[in-house]
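Only one chain is shown below, in structure tokens, and it's the form predicted on its own.
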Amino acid sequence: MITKIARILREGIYGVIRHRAMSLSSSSAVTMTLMIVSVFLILSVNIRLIVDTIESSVQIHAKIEVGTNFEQIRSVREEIENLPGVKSVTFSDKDSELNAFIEAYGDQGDLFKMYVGDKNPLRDAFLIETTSGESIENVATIVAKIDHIEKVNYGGTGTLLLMDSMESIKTGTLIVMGALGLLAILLITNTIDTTINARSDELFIMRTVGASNGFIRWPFIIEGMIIGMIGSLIPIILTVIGYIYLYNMLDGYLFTRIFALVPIVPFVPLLAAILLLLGVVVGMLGSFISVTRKLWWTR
């Protein structure tokens, strides 16, 4: 068994070396495809992080009626926490509300410091975080009907449209990645087809002497895996260097600190491993499809 595996590996390596010009052509196709995949992976992961950050930052703000005592506040909080779609509920007293209001206005917020203390006109409130953007409207509608809740605000239709747009972006990136994966396999298959067609005599001779499909197929599959591995090296190097440079240049944020980029570790090592695995798998599938199709034709 070990001898058989060693022979398959040796034949695969020798095949790449003997037909290095064609192997280089096939690995170039892998390189170009994986560069596109790498860019979309980086965009996809960072877009999803930004979308999740935006969704988590959108909260339902529920004002509590004046005169509501501590026991009533605790009871209302428990009722809200038990609602489906609610992730967390935070109580914010009117002093905290005023401080947040002042902080939100930056330098101009100093104008509102005159209301600190007994002059504070704001209400105690609950800050409600939902499990998803889709739950916001439903949870807000239910909370608004609960006793001792004066008013509920969550941003209205604009917020819902934003959430829908974010979900569409997340879905869109997944579709694009799937399409790129299929494109990669198709491109590699067509490129390797050319390599195998140029070796028709070799296949014919092995078929003539009675070699089984597995005996013929496996060295080509190993070749495809090696070609995929070689083709993934340049995308891995450029991706690692490029993302680290971009991350450090932007200080880890896109436009604002709200939109944080995915940290270098563990993202970059994981991305490099994914690209290597994709290269190997795509090369293997491309070779398998091509040689199987050729064997079927030469029966």
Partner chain sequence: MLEFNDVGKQYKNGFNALYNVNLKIKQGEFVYVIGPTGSGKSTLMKLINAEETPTSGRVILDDVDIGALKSRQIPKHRQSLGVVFQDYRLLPAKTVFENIYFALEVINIEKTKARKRVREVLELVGLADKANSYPSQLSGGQQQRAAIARAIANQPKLLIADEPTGNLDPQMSKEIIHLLGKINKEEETTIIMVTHDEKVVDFYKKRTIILEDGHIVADLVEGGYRSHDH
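Numbering follows the first chain given and starts at 1. Because the structure is predicted, anything quoted here is derived from the model rather than measured.
Beyond what is shown, the protein has a form predicted in complex with its partner chain; the following relates to that form.
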**Prompt:** Pick from Val116, Ile205, Leu174, Ala144: which has a non-hydrogen atom within 4.5 Å of its partner chain in the predicted bound form?
**Reply:** Ile205
**Asked** Since the chain is shown here on its own, which stretch among 222-230, 83-91, 208-216, 68-76 would lie within 4.5 Å of its partner chain in the predicted bound form, judged by heavy atoms?
**Response** 208-216
**Asked** What residues of 10-43, in sequence order, lie within 4.5 Å of its partner chain in the predicted bound form by heavy atom?
**Response** Arg10, Glu11, Tyr14, Arg18, His19
